[in-house]
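Presented below, as structure tokens, is a lone chain in the form predicted alone.
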């Protein structure tokens, strides 16, 4: 049981413990907060298999984290008394106050930590990487894969980001109302990356990581529930994630293989989540701002409609056209071409697809393989073989092999 429970709790509780401790001690001691949180889970891994899982595992973790924090403070105070008796202890005053791991303080600490690490004094990639590390518990390798770089680069990037925040004496608190708008986009980008990593992971043998999807939804819900951050694009992102999450149960077969959209059992789609997606899409319609999340949420809404009519795909095509005008991405361009094939036929879609020339992307060759199928089967197989050579995960290779054998 501990083999599954502790990793799950790490994903859900690590960021909470780090955020509360860092807010308590100040960002200048973020590494200490991270060490205490890490040691707390290490203690659980050592204790629970021998002594049994405690009745309330989360409360146990919080209690251990508090005790470790107090012990760390005592060691610091003792060191300063013996080695540097004339120096004022920067942590002495914090020892007088109980570390608050109540639900409200956790929520406040997480929200404030989001904005602390998404501060414009550091580069955007540093902001996102730091938030993925601290708020989401991502490992260095996971962050490196998300940025398509290596672990050494990420380690240096995180170190520079932390140092800059310390030098600028950034506090873990809500920014002024005037600057929330500027910094909210990076917070949303981080949440978006987290959800995408869970929805389709290229970094793990487990293609779908449901806990990451729902962690992203939880973080975004916190923003939507706070009056300072309850913006239309927050609701739009929340809508998008609910629509996408509604199909999670249908995306894997009984053997754990990925099921493509056209082959999914629509009876497994979660109607409650679809309803929540609709609710937040309606909330997002206020104001005059149109973000990429609005358009992606609208596309995802149509993806939950079980009809396969030309009207559906024509609407999706127009939404992709607008999305690419706002923010171009190769994946959006590929998806637009798929929608074009459904709306106007494969021949027109082939012409558009070959203009993309995404020759390092296996999804590009999978799409070409599908488009040429029934029109030029030799070309279809040739493209699928190239896709197979470029595929990064066992799941992707399995899907391509299935197409080749079909």
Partner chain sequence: MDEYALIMRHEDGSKIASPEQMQAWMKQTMDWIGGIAAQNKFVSGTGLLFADAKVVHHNKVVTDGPFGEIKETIGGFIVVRAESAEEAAGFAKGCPVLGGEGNTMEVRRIAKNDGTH
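Numbering follows the first chain given and starts at 1. Please read these numbers as outputs of a predicted model, since none were measured by experiment.
Keep in mind that the form predicted in complex with the partner chain is missing from the display, and what follows is about it.
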message: When the partner chain is placed as it is in the model of the complex, are 318, 324 and 352 each within 4.5 Å of it, taking any non-hydrogen atom of the residue?
response: yes
- request: With the partner chain left out of view, choose which of 144, 274, 252, 333 has a non-hydrogen atom within 4.5 angstroms of it in the model of the complex.
  value: 333
- prompt: Exactly one of 168, 100, 314, 152 has a non-hydrogen atom within 4.5 Å of the partner chain in the model of the complex; which residue is it?
  reply: 314
message: Considering non-hydrogen atoms and a 4.5 Å limit, does the partner chain approach residue 377 in the model of the complex?
response: no
message: Can you tell me if residue 356 lies within 4.5 angstroms of the partner chain in the model of the complex, counting non-hydrogen atoms only?
response: yes
Residue 344 within 4.5 Å of the partner chain in the model of the complex, heavy atoms: yes
message: For the interface check, one of 133-141, 325-333, 218-226, 256-264 should have non-hydrogen atoms within 4.5 Å of the partner chain in the model of the complex; which one?
response: 325-333
query: Considering only 260-283, what residues come within 4.5 Å of the partner chain in the model of the complex, judged by heavy atoms?
result: none
